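Below sits a lone chain in structure tokens, taken as the form predicted alone.
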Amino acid sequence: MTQEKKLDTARLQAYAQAYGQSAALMSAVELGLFTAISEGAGSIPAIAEALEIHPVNAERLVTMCVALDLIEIQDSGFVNAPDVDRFLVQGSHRYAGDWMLFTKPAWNEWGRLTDHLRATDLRLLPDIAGYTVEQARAYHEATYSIGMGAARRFARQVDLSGRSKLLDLGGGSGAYCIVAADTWPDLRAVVFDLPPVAEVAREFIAENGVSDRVEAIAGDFTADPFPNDADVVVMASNLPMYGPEMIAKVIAKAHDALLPGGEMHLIGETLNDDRRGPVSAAFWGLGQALSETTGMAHSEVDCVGYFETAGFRGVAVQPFVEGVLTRITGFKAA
């Protein structure tokens, strides 16, 4: 006879203490732990010296990072895990440390999540009043590296040869447009984003030497008309910021603005159709409570419905980053 497993609180405690894992990763990035290890600091004394912290604190941090599989122990000493070595060593063009720290400013607000969840007067849209160029620059400097990585992934997955113009809704730093212009020399591209963001996007566009074919137009894609000469529309990584009504409206506007035969790609954190995960999509959906808006996590079937209602044909769902991002694609009738 099989004995029933006795329940305990271990799993629940792990969730309750998970903030410590986030804090360890963020501190390791801020202190330059992974960079120091990549440069040869393979022992506690060497790490403490490189980070300019007490050896006891170096041991504490390293022990936690080893437990989290961020650092490995080898005969030669401590080494970074492969993904850490690829993305969290300063000086690499793949460095994503700024992205790892991206949510840290919201740390205290997550501690007030219960208060935010009790709010009853939810806004339809995030509050962008007073959003400055300096804030936009700080935001997109943090997201630029990972945005370029996503844009390169998109270029590997989607063939835009033969297309004439790409419109990126809420395009931020312009990563998708920059990579598209580099990949397909005959393609022009437009970043359509808020005025402060468009100003910052022009800096990234110029830095990458594609100002002759990529432009940034100031506008609010939730309210303003879209340019109507594009045959490709991309909307990436801002899906949970909006509720169903707004996402459906934006996708319908994109359909109407596209040239006949054009295509749209929505790339976002989506729930599975049964709404049982993944955690990433649920996290970003719950995070909208901090801004007290109607933004939420959308499922793949929800997004397919938005596309089909707008009139898109051949709607398909493709994994973009497994367990994190999905790409939904639809085509406008020729």
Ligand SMILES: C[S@@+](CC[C@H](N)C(=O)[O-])C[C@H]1O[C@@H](n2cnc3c(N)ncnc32)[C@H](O)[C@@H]1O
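Remember, it's a predicted structure, so these values are computed and weren't measured experimentally. Each residue number is its position in the shown sequence, starting from 1.
Here the subject shifts to the form predicted together with this ligand, a form of this protein not shown in this document.
For the options Ala254, Val197, Ile205, Val190, the one in contact with this ligand in the model of the complex, meaning a heavy atom within 4.5 Å, is Val197. Only one of the listed residues (Ser92, Thr103, Ser164, Ser237) places a non-hydrogen atom within 4.5 angstroms of this ligand in the model of the complex, and that residue is Ser237. Highlighted residues Pro126, Gly171 and Tyr242: every one comes within 4.5 Å of this ligand in the model of the complex, counting any heavy atom. In short, of 71 to 79, 108 to 116, 258 to 266, 229 to 237 it is 229 to 237 that has heavy atoms within 4.5 Å of this ligand in the model of the complex. Not displayed here, this ligand is approached by Tyr139 to within 4.5 Å at the level of heavy atoms in the model of the complex. Although the partner is absent here, Thr222 is a contact residue: one of its heavy atoms lies within 4.5 angstroms of this ligand in the model of the complex. Contact check for Gly147: a heavy atom falls within 4.5 Å of this ligand in the model of the complex.
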